[in-house]
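For reference, the chain that follows is the form predicted on its own, supplied as structure tokens.
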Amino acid sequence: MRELTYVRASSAQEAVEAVTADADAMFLGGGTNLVDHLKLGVARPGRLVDVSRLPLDEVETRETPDGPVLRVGAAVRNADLAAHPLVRSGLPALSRALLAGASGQIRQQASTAGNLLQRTRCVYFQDVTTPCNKREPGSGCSALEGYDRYNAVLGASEHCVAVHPSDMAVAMVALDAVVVVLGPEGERRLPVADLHRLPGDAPQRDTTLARDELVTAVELPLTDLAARSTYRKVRDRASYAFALVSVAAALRMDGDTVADVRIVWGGAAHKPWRAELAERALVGQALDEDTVAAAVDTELATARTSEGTAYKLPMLRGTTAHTLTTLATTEDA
């Protein structure tokens, strides 16, 4: 049995210092992902630094030079964030994405930061008897020739074809969210869109953060575009299932034409996939299913499918068209 020590940090700075000083240390928040991996033998830290009781559980509005933002503490539980009145009214895509994630019990425990930082994984990552480059770099990727129904169709590499599991992260990218991070050199901010990585030749690295950087908050602009947003998830069952595909979208119309749009896909890549080519193709266009389908096809031109994942392309096309046309034609999408 591997020895494991546990410490409870009294401040965010203390937590960062503890992880910086110990190469085998990891942060512990809600634990819904990490504890599973401890049990499976996937994660093997020597020390856990508990940040779950730090005063990072507030949701508040702040004024910035660019307008109001909603600041969400890293420890805010998914269930509480989904139910928050300002999230439901001003950031509906985020509320709907959170409610689509995991199960009711897990949402009561999972934290905002933990949801963002959960491991990108497929079934082979959690099976320590199989080769997995994410778990053991250089060992191979079992999913390339194995069970592939959930595999990535965009941005994958020969080293990893897993898709990012978070519903919340997909919505946050569509809402132009910014993550606030504390590290040994102090605090910094980066867009959630830049938080996660494509696998390349280093699939063991899920994010662009250093090992000893701690997420302390997420800031979401409260804009008219964000208020007209939604999230749709296609899955095998109604609860406790990863997305086959999902779409987070925000839309601003100018009469009958698209003035601004955000399209982000889940279930398609190693990170939430911002469909920027499709967005550019839609701006200035009238919005109907054929127009959206054509725009989506420009984004999918580089997609790579297998027999098991070919269904994802028409599913992305149809789900995106339905989501955007619904946003354009109803007051409460």
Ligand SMILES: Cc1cc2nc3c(=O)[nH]c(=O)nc-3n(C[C@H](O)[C@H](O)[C@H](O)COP(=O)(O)OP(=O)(O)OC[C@H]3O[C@@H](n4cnc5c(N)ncnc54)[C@H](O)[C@@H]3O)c2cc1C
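Predicted, not measured: the structure shown is a model, and the values here were computed from it. Just count from 1 along the sequence shown to find any residue number.
Below, we turn to the form predicted in complex with the named molecule, even though it does not appear here.
Contact annotation: Arg121 falls within 4.5 Å of the named molecule in the predicted bound form, judged by heavy atom distances. Using a 4.5 angstroms threshold between heavy atoms, Leu300 stays clear of the named molecule in the predicted bound form. Shown alone here, Leu214 lies within 4.5 Å of the named molecule in the predicted bound form, counting heavy atoms only.
Using a 4.5 Å cutoff between non-hydrogen atoms, Phe27 counts as a contact of the named molecule in the predicted bound form.
The chain is drawn here without the named molecule; in the predicted bound form, the stretch among 218-226, 105-113, 86-94, 254-262 whose residues come within 4.5 Å of it by any heavy atom is 105-113.
Proximity to the named molecule in the predicted bound form, defined as a heavy atom within 4.5 Å, holds among Val128, Leu190, Ala202, Ala241 only for Ala241.
Taken together, the three residues Gly31, Val51 and Leu117 all come within 4.5 Å of the named molecule in the predicted bound form, as judged by their closest heavy atom.
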